[in-house]
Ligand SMILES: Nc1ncnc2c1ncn2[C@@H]1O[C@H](COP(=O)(O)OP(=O)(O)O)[C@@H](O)[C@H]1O
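We begin with a single chain expressed as structure tokens, specifically the form predicted alone.
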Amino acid sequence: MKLSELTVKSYRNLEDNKFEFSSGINYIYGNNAQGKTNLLEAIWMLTGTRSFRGSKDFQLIKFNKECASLTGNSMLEGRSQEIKINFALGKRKIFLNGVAKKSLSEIVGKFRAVLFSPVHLSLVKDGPENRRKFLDAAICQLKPVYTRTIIEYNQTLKHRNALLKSILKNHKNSYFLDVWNQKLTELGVEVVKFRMDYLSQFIQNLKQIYSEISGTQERLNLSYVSTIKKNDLNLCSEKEIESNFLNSLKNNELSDIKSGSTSVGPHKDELDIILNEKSLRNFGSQGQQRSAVLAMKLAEVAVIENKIQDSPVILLDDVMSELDENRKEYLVSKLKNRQAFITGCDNNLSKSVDKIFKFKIFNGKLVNKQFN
């Protein structure tokens, strides 16, 4: 996967421009609030997902403009492709090779990227919701059908929760619960299957990469903690998972009605990050936690490469300043033969990088481009 060009029009504070990129390391530097992260975000939007900064689409449009657009030209499996996204009136219009698409899910998987930002450094300390989002986002890029599955699961969950609140208020409609229980179970089993399949490869890569980063005998592992089955889900058949989920929903109906929310299911499952048999969240040092997050992002890259025999585009948003020299140099070593986009404030990235394209951004404008 290589991004050769990106054309931006009225996007955030960026001046209208066509950026041409190297197939290796592209270093985007400049002072704070000049537009570096905006450019990285624009590249990320080509994946078909939402802004990694949590921004609404209308916030992506330059002030005093009514619409914005992004056009990316990339290589996928040896073939060139063009992804164009128009932002206007709170809606997106998506085009793949000039053909209009009905939804974002139709371009998910057409441009694959792995993002590492300072926000991810708190992934270990964050609550389970962010770890679930990390897992689901990674799977979506590999399996676009999972995007539709998780969307449908969440929609069904909303319907069930709305029904629970209705039952508590009116003491009616309880007979509809069986319908939504069955639907949520069917989709929930699919979600769990996708997650377990992904984790089987992810965990193997995670262990190896963490060992390389730490240079010690420390053992990093990751455990999927299910709310519907206390034992190892890998040892359960699909029928067993389905039966357990449906029974759990039924057993918790009274408490769910009282709370107006569904207490069990993939939306409540947890990823427990474990170092030397102890919770990294509770017992790990800051250095150990940062090494674990770095290993998680690089394991995400490795799984994509193993699955599709191609590298994703790697996006590093101002993380170099957050890493010590050893972790920084290890990360740089992993960028060889891959396309990467890195943001930073100063002109220097790393002495170990032989070839690098540098882009200086000032007030949203590309003011200098050089090859070192």
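All values reported here derive from a predicted model rather than from experimental measurement. Residues carry their position along the shown sequence, with the first being 1.
Below, we refer to the form predicted together with the named molecule, which is not included among the displayed structures.
> Given the named molecule in the predicted complex, answer whether the residues 12, 36 and 60 all have a heavy atom inside 4.5 Å of it.
Verified in the predicted complex; spot residues all in contact, yes.
> Check residue 50 for me: does it contact the named molecule in the predicted complex (non-hydrogen atoms, 4.5 angstroms)?
Contact with the named molecule, no.
> Check whether residue 32 has any heavy atom within 4.5 Å of a heavy atom of the named molecule in the predicted complex, and answer yes or no.
Yes.
> Can you tell me which of 301-309, 60-68, 42-50, 328-336 lies within 4.5 Å of the named molecule in the predicted complex, counting heavy atoms only?
In short, 60-68.
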